[in-house]
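Starting off, we have a lone chain in the form predicted alone, written out as structure tokens.
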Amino acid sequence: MSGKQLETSVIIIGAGPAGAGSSFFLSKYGIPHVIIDKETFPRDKVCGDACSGKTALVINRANQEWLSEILNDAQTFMPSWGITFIAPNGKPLDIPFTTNRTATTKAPGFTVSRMVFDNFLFSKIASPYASVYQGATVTDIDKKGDKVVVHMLHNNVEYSINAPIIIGADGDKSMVRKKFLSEHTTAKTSAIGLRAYYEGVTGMHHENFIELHFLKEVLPGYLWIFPLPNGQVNVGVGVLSERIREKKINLRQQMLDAITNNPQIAPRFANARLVGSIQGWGLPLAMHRQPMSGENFVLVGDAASLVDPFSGEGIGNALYSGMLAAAAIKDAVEKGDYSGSFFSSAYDDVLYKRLGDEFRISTILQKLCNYPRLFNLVVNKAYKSESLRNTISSMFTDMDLRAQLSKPSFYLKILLNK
């Protein structure tokens, strides 16, 4: 084997949405960087495959033409206009993502398999400022003086890559996090998700609403059914790890039991066929604030534990954190300051200022799922009240309104029909 030495401004470990998002904006700022991924694209990633308006926002800021590609290719990126909540009592509630829709309005969200979406993002990384190594193995990460050194094996060649900053975009088992934030690495993931692809599922919403089924047996988690192009659906379940341990839940069997026996779900799967296998992954939930940076490093996406505690959204938060990380790094390069205190202020504080309320409210909502009677109450009332349905719909874009869900007075007004 021969060895090579490389110098760059930033090293990114991981080329999924968090890493790709970081790369997009570093390239916009003209900052040279090396991006490394252990897989070769296209590659699969276990996920729910649903993308929110936050995903569209970041892609639009990176390059408006990329978002146009997505919005104009409904055969690949299926437009989704809303969400259906199914209460523990089985009653459904359709909530559109927007109440101000016109003939020219584009769908706020879309669904697409991660195999396709991540490859789309990966294909956009190419720029004069990005050097990409896929199918590469990071063998070690060192700190030498004011530089981070990544040791990499690629095509049977050993590399030592030096940079003043490293971005950990390498998922919930992040090597970067373990190296630099070992005291904040928990032994167990906060939630576990399973995902399966099915064909032949019936009863999907005509506007491709995604479905969240809050079944009594999985609360405070839920079972989801998300429509995908080509007649497939993504079916999965996400449950808190502590509940799985306490109740000794067999998550795979629980999901299959719901598909087979639940009176609302089973008929829709009567002629359905499982495509491939059922796969699982960890969901690092943003249930409390954790450090996401330090001297010479920042963490983004799952490596920073940014999965929404209620909705399970990870893709939009991964892209958004990559965008903010790149902005902080731009300032760091200009000031020549790569200290932990600088990144804590320029990245951690900024991210939590923008997303912290969302995470806190989602954490409360997730805990409220422990009280199925409250859930049933809201759905029953909203089912009969157009004004309440519109209020809940607005909560997807208005954080002040969403905060009402965490207040007892909200449920008292519903109970009193006010």
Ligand SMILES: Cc1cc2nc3c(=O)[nH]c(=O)nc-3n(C[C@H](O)[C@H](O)[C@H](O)COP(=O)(O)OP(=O)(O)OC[C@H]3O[C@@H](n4cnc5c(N)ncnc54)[C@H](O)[C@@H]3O)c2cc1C
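Quick note: we count residues from 1 along the sequence shown, nothing fancier. If you're wondering where the values come from, they're calculated on a predicted model, not measured in any experiment.
Although it is not shown, the form predicted together with the named molecule is what the next lines describe.
- Contact with the named molecule in the predicted complex, defined as any heavy atom within 4.5 Å, is confined among 253-261, 324-332, 221-229, 337-345 to 221-229.
- This chain lacks the partner; the member of Lys28, Lys38, Lys367, Lys381 within 4.5 angstroms of the named molecule in the predicted complex by a non-hydrogen atom is Lys38.
- When you look in the predicted complex, the only residue of Val233, Val148, Leu283, Ile83 with a non-hydrogen atom within 4.5 Å of the named molecule is Leu283.
- Contact check for Ala15: a non-hydrogen atom falls within 4.5 Å of the named molecule in the predicted complex.
- Although the partner is absent here, Ile165 is not a contact residue: none of its heavy atoms lies within 4.5 angstroms of the named molecule in the predicted complex.
- Shown alone here, Gly312 lies within 4.5 Å of the named molecule in the predicted complex, counting heavy atoms only.
- Taking the partner from elsewhere, Val350 is found to have every heavy atom lying beyond 4.5 Å of the named molecule in the predicted complex.
- Contact residues in stretch 33-57 (any heavy atom within 4.5 Å of the named molecule, taken in the predicted complex) are Ile36, Asp37, Lys38, Glu39, Phe41, Arg43, Lys45, Val46, Cys47, Gly48, Asp49, Ala50.
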